[in-house]
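The chain below stands alone, shown as structure tokens; this is the form predicted alone.
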């Protein structure tokens, strides 16, 4: 398994930890200070449009810089076209969430050749040339998922439970890191016979419809004998839950996730989902925006961490933030942080459960 090795000065780094350290001679300060951002899609997770876009826009507006945020909607050709347009239109900084490392690398290399500064946002582009990488500790995200599933199975007093795993997209390096994290928890339990290793399969492009089909096949082949599901994000988790509902198994089979989206939190409130992982996207967006704004002014900032690109061995200056496991009794923390609103979460069907969970 390819590994990304991280060195952090501290956990939970905030954008405020970044300090200026001089000018970037490759950035022509006479060009318009314009930042281009390419988001990956809105189907695999709604966070890109409901959270990342909102927080990045707010940061850029507050700084008074020109910006252009576009979404490639999962289309690799569109991704490259957007990058070309943004560079042609005068972007001096390009921030990308790659669809895969090959496409991402092509865009980063072209930007570098034209003197445009680059940032990998959320996903590291393997073999890429980004000047910074801003994300969460993704191995820790996976570890929290594994520990969360273990907690929920223990609470259910499950004996030798069969655990299925729905991995993320095989072209997303984050999915590799999540898997590394949760398998560091689950593999020892498989090996000592505490758990039984069930079916496992990656989900191409994080496609939720595909995930539902894959899990239906898993469940059929296992004669409904799946006792827990490690789903790599909330979208995949909800696809699993939909299938479990069809078979009268929702609430009986713990399911994990990550992203802490509204649907996942509602699933947790009613007991259909075991847990999710909350990544404070505002912190991530603010940290990336601060770096992008500095680069647009011809400045570089020191950052406290480095990530080693496993393909090139290059140490990429990085900001890695700390994720948090969310269970029934901590759903309120996501609302309190402003990531999800009470109005959206606590609709009529969930109002009583919100009160029970202390959501205010």
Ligand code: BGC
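Numbering follows the first chain given and starts at 1. These numbers come from a predicted model, not from an experiment.
Absent from the display: the form predicted in complex with the ligand. The rest refers to it.
This chain is drawn without the ligand; in the predicted complex, the residue among 178, 278, 132, 79 with a heavy atom within 4.5 Å of it is 178. Of the candidate stretches 146-154, 170-178, 103-111, 83-91, only 170-178 has residues whose heavy atoms lie within 4.5 Å of the ligand in the predicted complex. Taking the partner from the other structure, the ligand in the predicted complex has a heavy atom within 4.5 Å of a heavy atom of residue 259. The closest non-hydrogen atom of residue 273 lies beyond 4.5 Å of the ligand in the predicted complex. Though the partner is left out of this view, residue 215 does not reach within 4.5 Å of the ligand in the predicted complex, counting heavy atoms only. Not displayed here, the ligand is kept clear of residue 182 by more than 4.5 Å at the level of heavy atoms in the predicted complex. Contacts with the ligand in the predicted complex, taken as any heavy atom within 4.5 Å, map within 108-123 to 122, 123.
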